[in-house]
Ligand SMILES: CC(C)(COP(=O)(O)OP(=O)(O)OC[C@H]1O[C@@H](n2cnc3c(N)ncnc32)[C@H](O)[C@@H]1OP(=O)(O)O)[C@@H](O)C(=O)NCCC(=O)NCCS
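Shown next as structure tokens: one chain only, the form predicted on its own.
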Amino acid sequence: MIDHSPASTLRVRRGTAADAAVLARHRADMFRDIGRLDAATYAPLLLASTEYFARAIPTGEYVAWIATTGDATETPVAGAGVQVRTLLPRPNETGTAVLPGPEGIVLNVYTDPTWRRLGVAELLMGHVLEWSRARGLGRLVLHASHDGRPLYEKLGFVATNEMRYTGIL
């Protein structure tokens, strides 16, 4: 039996532009697994995402973390990332302070099915939160899947009043 204990077997490292294809696969698989990607759109999303990661990681627009097996293969089993967005300065939630412009949107949190429910996403999110604090981001936002929501709530994320307009595309 394989010991899938993340604390003892996984290594988390920062993603590089060389990881663009792995990150793109995680992204496409994530959308497929939550039922938001049909088979015909998988390959185009994979290509567009690979191109984005190859371009955005070197500039710091996107920062990624990849969990790999701790063995000689260093097989990627999960990933997470933050896209840094510049926003106008704005008041905090209570209106008592001004938040700086940069904000992070947490994206691409994905764990291969055989590694799910073992704490891997929480391990990765710890790296995301630590980096975001050190970077001085004013806020982190994310869109949670039904299965991911309990983890994000446990980490301190709260539902907001965000609305979305989809009539443009």
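The numbering used is simple: start at 1 and walk along the sequence shown. No experiment lies behind these values; they were computed from the predicted model shown.
In what follows, reference is made to the form predicted together with the ligand, a form of this protein that is not presented.
Remark: all three candidate residues (D33, V109 and H143) come within 4.5 Å of the ligand in the predicted complex, counting heavy atoms only. Contact with the ligand, judged by heavy atoms within 4.5 Å in the predicted complex, is confined among 96 to 104, 64 to 72, 120 to 128, 48 to 56 to 120 to 128. Contact check for P150: a heavy atom falls within 4.5 Å of the ligand in the predicted complex. Although the partner is absent here, K154 is a contact residue: one of its heavy atoms lies within 4.5 angstroms of the ligand in the predicted complex. Residue contact with the ligand in the predicted complex: R116 places a heavy atom within 4.5 Å of it.
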